[in-house]
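Given as structure tokens, the chain that follows is alone and in the form predicted alone.
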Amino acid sequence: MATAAVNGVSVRYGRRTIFTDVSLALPPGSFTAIVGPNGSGKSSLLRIIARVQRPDAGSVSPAEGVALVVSTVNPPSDVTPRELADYGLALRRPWWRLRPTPGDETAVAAALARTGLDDRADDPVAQLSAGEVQRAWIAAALATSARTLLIDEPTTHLDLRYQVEILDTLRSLTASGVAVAAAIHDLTLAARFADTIALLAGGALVSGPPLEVLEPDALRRAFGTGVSVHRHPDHGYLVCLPR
């Protein structure tokens, strides 16, 4: 299975350079958390990996089955998770084929099961929690046989329970070989769930294991404020707190 990757990419908006010469690979079965201050280019980097935005320089390695989930899009209140999960497949069907094929129905059912929504598949999203709606969007990507899942700020507007629920779902997908990359604001949640941290700040990217990247001096330079880093006493993952 091909690895989704960008090599030496740069992005400029007008006269403003967002980042330069950034490289990042997303191996199968990995979870990468992209972190950094607002405006550092996290969303732009995800769009470039998904090949929906062209970089101003550099290259994007071709990889099949890359899906981008923009979690700020709200579906109509009467749409069900089953209908939402069929969304990506519906875009691929000929205009004259309105109903899902048996293969599409099987793919949707499997995606709903993988995201824990099979028992809520036919409930309108108005009756679902924000976390369940997020999982329905993830199911829509999985139904298209996505092998690389990119998701922009999956925990935005969720309370702590649903933040953990969504990240647990994403983490579980890597066991089947899916590569996951998510832009995450909470450094502690990123450290807890991700194999790799990609810190994007000051126009450059540094990536590696959480213990190597989430270092107090690097975080102070990136965010412009002091950050203390501790080990969780029971589970060992890093806890990052503003000073």
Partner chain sequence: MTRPRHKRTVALAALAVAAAVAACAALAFGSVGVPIGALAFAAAHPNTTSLAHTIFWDLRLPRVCIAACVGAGLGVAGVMLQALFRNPLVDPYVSGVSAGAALAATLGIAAGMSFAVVPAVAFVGGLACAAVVAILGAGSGATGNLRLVLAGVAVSALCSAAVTLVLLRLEPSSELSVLSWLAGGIGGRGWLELRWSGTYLAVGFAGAATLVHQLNALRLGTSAAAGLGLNVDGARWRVLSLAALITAACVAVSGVVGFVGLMVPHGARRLVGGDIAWLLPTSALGGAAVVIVADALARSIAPPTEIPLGVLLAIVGVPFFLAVARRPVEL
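Since the model is a prediction, treat every value here as computed from it, not as a measurement. Positions refer to the first chain, counted from 1.
Omitted from view is the form predicted in complex with the partner chain, to which the following refers.
Within 4.5 Å of the partner chain in the predicted bound form, a heavy atom is found for none of Val6, Asp21 and Pro62. Only one segment in the set 106-114, 166-174, 80-88, 153-161 has any non-hydrogen atom within 4.5 angstroms of the partner chain in the predicted bound form, and it is 80-88. Interface membership of Val52, defined by any non-hydrogen atom within 4.5 Å of the partner chain in the predicted bound form, is confirmed. Although the partner is absent from this view, Gly131 stays clear of the partner chain in the predicted bound form, with no non-hydrogen atom inside 4.5 angstroms. When contacts are judged by a 4.5 Å heavy atom cut-off, Ala67 counts as touching the partner chain in the predicted bound form. Shown alone here, Pro102 lies farther than 4.5 Å from the partner chain in the predicted bound form, counting heavy atoms only.
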